[in-house]
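A single chain, nothing else alongside it, follows as C-alpha cells in the form predicted alone.
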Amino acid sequence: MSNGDGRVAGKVAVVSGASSGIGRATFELLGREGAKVVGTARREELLKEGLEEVERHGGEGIVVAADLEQSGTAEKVVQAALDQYGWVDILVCNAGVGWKYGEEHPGTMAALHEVSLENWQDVIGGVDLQGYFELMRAVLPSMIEAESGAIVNISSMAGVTGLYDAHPYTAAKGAIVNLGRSLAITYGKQGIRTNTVCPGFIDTAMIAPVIGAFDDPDTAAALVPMKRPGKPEEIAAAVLFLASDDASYVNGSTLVVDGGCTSRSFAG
C-alpha cells in the first residue's frame, strides 16, 4: 500500500507525547497511513527519530519540541501545524504520566491520605489533565470552522476502574474519559468526533517500575487474562481506527484495550 492510499491519507494529525511509547507508535502509524503528522514532546532528538521513521516509509511531517506544562505551549503546537499545513483534522492527546513519574515525584502515585496538595496539582494541574484541556481548546476553533475533526484522547483502564493507590492519576484519567463524552455531545453537531482509548498494561518506559511482574507466569495470568502486557503498536492501531473515516459514526465512545483486565470481577 502506498502512503497516499492509507486510512488517514491527506489528513493532518497532531500527536502529543510523540517521542516514545504509545505516542511514538501512534505518530509513526498515522504517518505510514498517509497523514501529515505533527509530533510534539519535550525531547527533540527522539521526535526527530520518529519523524525519520515516518519519512522512511514515504510519509511527511514536522516536530515541535515543547513542554505542555508550560502556559501557551498548546497554542504554539497547534499554530505550528496550521502554519505548515493550514488545518488540523486529527488531534491525539497522549502525553501524560505513569508509574515512573511516581518514582521521580514521590507521593504522586500514592493513596489519597498520602497525597499532598502539591502532589495532586502535579498530576491534575500538569500534563495529565490540564495538558489535554489546553490542546483541545487550542485545536477546536479551527475544527469548528472546518466543521470536521477527530479528537482521540488516551486515558487508561484506571479511568474506568479504581486502583488501590495512584489516586491523582485515576482522578485525571477518569476526568479525561468524561470530558471526552462531553465534547462528543457538544461538538458532534459540528462534525467533530471525540473518543477515548483506555490502555491497560502496555510495555513502555512509563510503567517500567512494574513491568517486571510479567516475568512470572502466574503473576502475569493474575494481572491480565491474556498473560502479557500490550504493545504500544496495539494501542496505536486503536487510535488509527478512531481517527479514521472507518469510525465516522463513532462519537463519545470509550475503547478499552487492556487484554481483558477490566472484563472480570476477580483474578483467576
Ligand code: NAP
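Everything numeric in this text was worked out from a predicted model, so none of it was measured. Residue indices: 1-based, along the sequence shown.
Only in words, not in the display: the form predicted in complex with this ligand, which the text now covers.
The closest heavy atom approach of R43 to this ligand in the model of the complex falls within 4.5 Å. In the model of the complex, this ligand stays beyond 4.5 Å of every heavy atom belonging to G180.
Using a 4.5 Å cutoff between non-hydrogen atoms, P168 does not count as a contact of this ligand in the model of the complex. Looking at M206, you'd find a heavy atom of it within 4.5 angstroms of this ligand in the model of the complex. For the options V92, A74, A81, A95, the one in contact with this ligand in the model of the complex, meaning a heavy atom within 4.5 Å, is A95. Within 4.5 Å of this ligand in the model of the complex, a heavy atom is found for none of A13, T196 and S244.
Screening 55-63, 236-244, 30-38, 206-214 for residues having heavy atoms within 4.5 Å of this ligand in the model of the complex returns a single hit, 206-214. Contacts between 11-28 and this ligand, taken as any heavy atom within 4.5 Å in the model of the complex, involve G17, A18, S19, S20, G21, I22, G23.
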